[in-house]
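Encoded as structure tokens, the following chain is the form predicted alone, with no partner shown.
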Amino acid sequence: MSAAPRSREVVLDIDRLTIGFGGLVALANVSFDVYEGEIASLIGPNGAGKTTAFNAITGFLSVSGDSIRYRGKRLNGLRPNQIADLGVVRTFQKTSVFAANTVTDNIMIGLHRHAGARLWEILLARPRVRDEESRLRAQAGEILEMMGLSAHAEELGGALPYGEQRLLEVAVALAAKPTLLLLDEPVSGMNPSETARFMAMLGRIRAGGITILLVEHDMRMVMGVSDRVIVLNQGAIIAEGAPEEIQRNPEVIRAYLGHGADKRRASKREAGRA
């Protein structure tokens, strides 16, 4: 499904990002770029530092210095809402939908970030407010259709099956009108058919002009959708390249399978010679 990014323009620049918690170094001089229009994946074993990197990029973790830039603008020191206003929007490992609101209203909450009506206009129910509400509902319908959730528009968010709650979370993120979308394990808990459907949706999201940075443990999905894969292990980047390169990289194989993987491959080679 993956296709080459539309340009080599760097939109996200991570330069020597270092984060420690007490005596533990979570990220050590991590540097990588994300290019306009691509789907890039950040992978690695548990504890490699992937979510820490996401938290730093999106302002949920305070980082000093000048190590994170989006379209040339420094993100270090900005609050999450300020970063979202720049077009950098994320989802989380744990599903975070508005459980007591309908699916449509979940999307409307995201869309209202960009609504133009002022409080006094809303209180007075001015015609402009009604017109804008109609426009936002139409946009919500388009997002739900793209995500395959139209049939659930009037159901409560918390009543959806888990896989569709994950889709709704992405839909809410899209309602915030991102230009860079960070997805943290979006297919966690999905079955194979739901995952395949989500992979197809990623292509449609990218086609809408949105660059995607993905953290995911489902390697079949990662290798199927990514233009480029960046591999973290113990807080450092150990490999970067096209999916087919990463799949063959011995250091990546060791990081995921342990040093015993080398011994198993050597044993197979010896057995083949016997």
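For every residue, the number given is its place in the sequence shown, counted from 1. Note that the structure is a prediction, hence the values are computed from the model and not measured.
There is also a form predicted in complex with a small molecule; it is not shown, and the following applies to it.
**Request:** Give a yes or no on whether every one of 148, 151 and 166 sits within 4.5 angstroms of the small molecule in the predicted bound form by heavy atom.
**Result:** No: none of 148, 151 and 166 comes within 4.5 Å of the small molecule in the predicted bound form.
**Prompt:** in the predicted bound form, which of the stretches 201-209, 222-230, 28-36, 51-59 has residues with heavy atoms within 4.5 Å of the small molecule?
**Reply:** Contact-bearing stretch, as computed: 51-59.
**Message:** Quick check on residue 93: any heavy atom within 4.5 Å of the small molecule in the predicted bound form?
**Reply:** Because a heavy atom of residue 93 falls inside 4.5 Å of the small molecule in the predicted bound form, the answer is yes.
**Prompt:** Heavy atoms within 4.5 Å of the small molecule in the predicted bound form: does residue 47 have any?
**Reply:** Judged by the heavy-atom cut-off of 4.5 Å, residue 47 is in contact with the small molecule in the predicted bound form.
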